[in-house]
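There is one chain below, alone, in structure tokens, taken in the form predicted on its own.
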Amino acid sequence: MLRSHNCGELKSTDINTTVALSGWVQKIRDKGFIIWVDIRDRYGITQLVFDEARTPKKVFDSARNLSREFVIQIKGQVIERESKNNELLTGAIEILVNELNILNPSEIPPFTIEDKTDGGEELRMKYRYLDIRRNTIRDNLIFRHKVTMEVRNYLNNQGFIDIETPYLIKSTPEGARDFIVPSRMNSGQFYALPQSPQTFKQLLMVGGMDRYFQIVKCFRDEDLRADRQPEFTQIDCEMSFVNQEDVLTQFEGLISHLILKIKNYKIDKFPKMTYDEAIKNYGSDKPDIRFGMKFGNITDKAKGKGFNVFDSEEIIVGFSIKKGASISRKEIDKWVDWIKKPQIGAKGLVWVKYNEDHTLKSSVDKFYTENDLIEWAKITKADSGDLIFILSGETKKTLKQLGELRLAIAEKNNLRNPDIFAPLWVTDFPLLEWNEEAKRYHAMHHPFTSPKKEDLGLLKSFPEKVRANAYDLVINGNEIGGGSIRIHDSKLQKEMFNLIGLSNKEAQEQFGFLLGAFKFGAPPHGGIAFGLDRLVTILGGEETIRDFIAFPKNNSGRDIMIDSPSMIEKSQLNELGLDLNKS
């Protein structure tokens, strides 16, 4: 062994012990006759001492040649540290070195390996192996490990079986774009990388496995952002002989356990909200319920008063900001400009101040009496000292814009506390959504989601009104997981395929294996998949999933460390039967 201890474990009880340590040089302080060197590994930092009077001359001279990030091994005696450092686990001791071995020198790194580094994100991603040496990224990866181990242990104790499913599968027309893999042995044919193990886990239920889980890589060739990667990790789960309530109860248990174990935070309840309620009250199907600002619809109370901006629009809706009446006109004008920016796209913003003296002042006083404004205040739950913001326009767009404004104001007022966890189930999503460009319905979740039993009669006549037996778990305004009770009847599954524009022939070609399996006694089943990257990020109190992934891609889907994706040799293309020069 090149070390007897790690760099984070020696304490005052080890004084006078002879030890060997290995690690990276973190910092050097050379005073001429004495040199202090901090040695680092993933466990911590230990201070080394090279003393001209007590250290062998050859060792002392070698210490003069050290530089940051050299990999070294030392042997020496643990002694008491004169100037103790209470911020370090090893701050009570230091090592008087009598033997030094340089295991590997290092070039000067392109950025400092410290918590507050001088390296930009792109540079740190290019040298990700160096970035991982920093406490921030290292601790995030260890944190992710702890979460995944808790997930595995919990599900194992609940009777779930960890089963691997294939990575080379068949491309299907639904969902996001597939990543395609050409087959050399089957020239002209292609595999796809899985967007999820959806059909395989359903087949495992047909196979009688009853409770399955997998922490699995999935792949989607879609546009990226801070919380999306082309490859991502799911906690994928499925259960037989269950209804929706069974699934929700089971996984409330998992999430409660994780948050209590990892964050020592107790979840008291998981409220439920329908999709329609979420959109109506918060302008989003993943509302953050850590704070108020619930929408109030004032359309009936605001129309017909001669204010054309309101009179000509479909909906007029607003929310109140507690103690917001003290906000200056200058600050309000900033929000007016914010709501008009292209990313939001609102035409304007109406405001009402409900002053502490119970008077009301608004930007539309010319058209509305104080009694009118009092009615608005009642609907938006405003009280004296509050401020009301109001938007109008086409219903869907306006609710979304107001939802964006609500989140921005909450962020500005520090209402989105990362140490508070507010889970929420959103249910009763539409089963289908109309795609105007394709002139057909798409499955809102996926085509294996079961309709609600009470809506089955609407499938042929009013498919757009059918609700899905589906559910999303939202935590702090982030979709953490989603699932559904699945279709387990081949006749209903065929009908669903027809609704999304697949002919019987196409359905058989694409999903004949699943339809065939349903004919051999498929049990009722359902499940859920959690985004592990997002879940770990939320539990870690951060926003960007890249910080919790060992080797992430950038916003263009590139791994700039290994320069991927890249071109391949023409000989490889020929072997695969591909010619990129053909039109």
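Numbers follow the displayed sequence, beginning with 1. Keep in mind that what you see is a predicted model, and the values were worked out from it rather than measured.
If you look for the form predicted together with a further copy of the same chain, you will not find it shown, but the lines that follow are about it.
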Could you tell me if L532 has a non-hydrogen atom within 4.5 Å of a further copy of the same chain in the model of the complex?
yes
Interface membership of K400, a further copy of the same chain in the model of the complex, 4.5 Å heavy atom rule:
no
Is F270 one of the residues lying within 4.5 Å of a further copy of the same chain in the model of the complex, judged by heavy atom distances?
no
Distance check, M205 to a further copy of the same chain in the model of the complex, heavy atom within 4.5 Å:
yes
The stretch from 379 to 387, 196 to 204, 436 to 444, 459 to 467 that lies within 4.5 Å of a further copy of the same chain in the model of the complex, judged by heavy atoms, is 196 to 204
Heavy atom within 4.5 Å of a further copy of the same chain in the model of the complex: which of Q189, S328, N86, N308 fits that? Just give me the one.
Q189
Using a 4.5 Å heavy atom cut-off, which residue among T148, N478, N355, T395 comes into contact with a further copy of the same chain in the model of the complex?
T148
For the three residues M125, L349 and I409, verify that every one has a non-hydrogen atom within 4.5 Å of a further copy of the same chain in the model of the complex; reply yes or no.
no
Does any residue in 83 to 98 get within 4.5 Å of a further copy of the same chain in the model of the complex, counting heavy atoms only, and if so which ones?
none
